[in-house]
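Only one chain is shown below, in structure tokens, and it's the form predicted alone.
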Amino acid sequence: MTPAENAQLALLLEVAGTPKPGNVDRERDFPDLRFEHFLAGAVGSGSGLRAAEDGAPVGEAFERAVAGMSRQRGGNTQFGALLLLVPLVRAAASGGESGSGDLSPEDATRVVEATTTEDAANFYRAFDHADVFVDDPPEDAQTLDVRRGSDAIPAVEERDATLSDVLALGDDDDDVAAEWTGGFERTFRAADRLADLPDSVPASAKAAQVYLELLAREPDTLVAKQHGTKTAESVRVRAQEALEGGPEVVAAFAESLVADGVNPGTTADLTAAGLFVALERGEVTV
């Protein structure tokens, strides 16, 4: 498969994994956000992912992917995952610095460090397509509030800010932004863990397992933004207890998070990115 195809497959495997506590999966829907919306979002993102594979600038490819993803009735399904996948696809398609094709954190870092102010502008345009939950910007960056969408582009251009610069503003409290500025550390750690699981385990089941392990390791930043740091830490502890308690405890944990409206969506984004890396490396196959 091509990098763009592997990225779409990663999105599909991520949402097909179950149980995935607090998130839509193939056994759990939300009232206004369903499994089928994620399937449609993965398909719709294809144009942008193929653009990244073909060498389009990261911002342009991301904006196209989000525009396509949003052409379903559920709203935002995979914005964060695409923000991770687009530079990874670009890195994979370039074959890495050595041309070996063995995707590495250094390859991904080179892509994000080469982003431009125009990439940042297209990142802001992407917010015109989807309703994304974000926190308030730093006090000294109010004009760069992503909730302004394309209206913020003049401020971006005035500061001559690259896309990497913009994401660095939020890397302290947003795990997707932290991946961009931190060498995609958790993404590649998730890929390594996926590779460690037995070949006899279906890929979607591997996704669910690694999702839960990621959630047990660090608090989900989307949960922290929406419900506070204490709730995010409580979810992390409960995820660890679920891992230790077995399938019935995991299932009960999943049902309780849905009932409470707690959605560890950033952990799902990281899982999708890890799946992509593992698929590209041939360490997960379907």
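Residue indices: 1-based, along the sequence shown. A quick note: this is a predicted structure, and the numbers were derived from the prediction, not measured.
Omitted here: the form predicted together with another copy of the chain. The next part is about that form.
With another copy of the chain left out of view, choose which of 149, 202, 182, 95 has a non-hydrogen atom within 4.5 angstroms of it in the predicted bound form. Answer to the contact question: 202.
Have a look at 29, 241, 255, 54 for me and say which one sits with a heavy atom within 4.5 Å of another copy of the chain in the predicted bound form. Filtering the options by heavy-atom distance leaves 29.
When another copy of the chain is placed as it is in the predicted bound form, which of 241 to 249, 256 to 264, 220 to 228, 64 to 72 ends up with heavy atoms within 4.5 Å of it? Careful reading of the contacts points to 64 to 72.
is_contact(residue 233, another copy of the chain) in the predicted bound form, heavy atom dist at most 4.5 Å: Because no heavy atom of residue 233 falls inside 4.5 Å of another copy of the chain in the predicted bound form, the answer is no.
Applying a 4.5 Å heavy atom distance criterion, does residue 268 contact another copy of the chain in the predicted bound form? Flag for residue 268 set to no.
Though only this chain appears here, would residue 13 touch another copy of the chain in the predicted bound form if you measure heavy atom gaps against 4.5 Å? Because a heavy atom of residue 13 falls inside 4.5 Å of another copy of the chain in the predicted bound form, the answer is yes.
Contacts with another copy of the chain in the predicted bound form, stretch 1 to 19 (heavy atom within 4.5 Å): Read in sequence order, the residues that approach another copy of the chain (within 4.5 Å, in the predicted bound form) are 1, 5, 8, 9, 12, 13, 16.
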